[in-house]
Structures are given as structure tokens and as C-alpha cells.
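Single chain ahead, by itself, as C-alpha cells, in the form predicted alone.
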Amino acid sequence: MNEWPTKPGGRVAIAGSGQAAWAWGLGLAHAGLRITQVWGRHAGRGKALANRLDAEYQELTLEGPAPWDGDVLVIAVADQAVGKVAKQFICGPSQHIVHCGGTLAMDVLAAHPSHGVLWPLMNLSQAHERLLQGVPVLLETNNQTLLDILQAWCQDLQALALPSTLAQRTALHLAAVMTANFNNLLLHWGHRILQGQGEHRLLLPILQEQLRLFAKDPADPLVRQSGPAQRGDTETMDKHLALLEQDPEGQALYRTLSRLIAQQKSKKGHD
């Protein structure tokens, strides 16, 4: 990995100072790449990241066009800002530019000769050096040279490089939201219900078993569905709703999910 700074793609500039920028900056630096610059609109966060990476800080003014120092520029900002940020920069003949959006088309960077997408299937809210290890990273580029660079990055990051299309990225993004993001809301309600009644960590074994079976068995997880809604146990469901009497949002959530479980069971019964 010590050879990276002298290899194609070994010198990286980062545009952004939020969670994604920190995750990519820390991860790539840990993998042996040289982070040359951090471009940020928020000087506090941007300078902190630049100092952490021993990189130069540059203000992201959106008034470009501006030259930048490096082989690859990683635009790690919110999807709606990628197009505006990309316009600030000038790419030389041997420079490449990528964004990190899960549902954003690669074409937003089409003004630059060599461009692509580098999207990790991971929540980046707690950035650290090893966050991307083992993580699927979906790649899309308009040329083989850049694809080779990004695949080499993933190898040194110990991430799983997956060449993809926009349709594949978008589907995975939606699946991640439906499972990981929405599940976090359900975990919140489990934590909330158990206040004063027990540690929410008591739920960990049942959750771990679900994930173990999800990883092991390619079948639809609904084949393992259990619980009162699946059984049609209205007596138990009424008890649960009574416990949620002071929590109308919780009641609504319980009723909605129970109805969906019953509907899916009915559909399976008619297949």
C-alpha cells in the first residue's frame, strides 16, 4: 500500500466535509492513498478533516472553475449539490472525477471527460478508518481506466467492488432504506416500549437470529414470519394495542404493520 501515491489514482482530492467525506477520507488514507486536498463550504469541519488527513484545505465557493491537485476528485456532498459542485472544477487529461450518490445518475458529471460513481452500501454516520471494510461498493464509470482505479481502491480498502448500473444502484438504495433505515425506527420503538421494563439489548438474540437466517437462506424472509398477526391472534394483538394506548403513533404503526403481515399471509395462501 505504500506504493499508492506514485500509482495512477493514488492522489485524491475530496470535495465535501460531511459524513461521506470523512468516511472516504479516513478510509482511503488508511488504505495508503495520499489525500492532497479537502474542499469544503464549512471551514470548521473542512479544516478539521484536512488536518486529520494532513491535506490542504480549500474553500468550496461554487464560483469556479478551479484547478485541483490529484488524480481523482471524490465529490462527497448531498446529491442535490453534486452538479453545482462539479461545475467548480476543471479536469486535466489524466484526472478523473466521481460522486458518491446512490440514486444519482453518472451523467451529472458528463462535462468531465473521465467520470464515474463510487457508492458504498453502508451508513456513513460514524466515520472511522475501517468503516468500509467488507462493504459492497457499487461502481460505474465511463471508461476502463477509472474502473480499474476504483476497483484497486476497493481491494486495498478490503471492500467488495461491484460494477453496476444506475438501475441496480437505485434498487439497492431503496432496499437499504426499507430494511436498514426503516428498521432503525422499529428499533427505536422497541427501545421506547422497554423504558423501565428492561434493557433493549435483551432483543439482540432474536434480531441476530433473524439476520443469521437472512444471510444464510436466499428464500423470501416471509417464509419465517411469526407473531400474533401471522397467527391471526387478535387477543394478543388487543393486549399490545392496549399497552400502546398512550402512544397513538405506536398504535398506528402496530396496526399498519400487522395489517400488512396479514395481507401478505393471505396472498401467499392464494399463490
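Numbers for residues come from their place in the sequence shown, where the first is 1. Not measured: the values here are computed from a predicted model.
Although not depicted, the form predicted in complex with a small molecule is the subject of the following passage.
- Stretch-level contact analysis of 134-142, 72-80, 193-201, 149-157 against the small molecule in the predicted complex, using heavy atoms and a 4.5 Å limit, identifies 72-80.
- In the predicted complex, Phe89 stays away from the small molecule, with no heavy atom inside 4.5 Å.
- The shortest heavy atom separation between Gln251 and the small molecule in the predicted complex exceeds 4.5 Å.
- In the predicted complex, the small molecule sits within 4.5 Å of a heavy atom of Lys84.
- Shown alone here, Val108 lies farther than 4.5 Å from the small molecule in the predicted complex, counting heavy atoms only.
- Interface residue among His30, Arg52, Arg34, Arg45, judged by heavy atoms within 4.5 Å of the small molecule in the predicted complex: Arg45.
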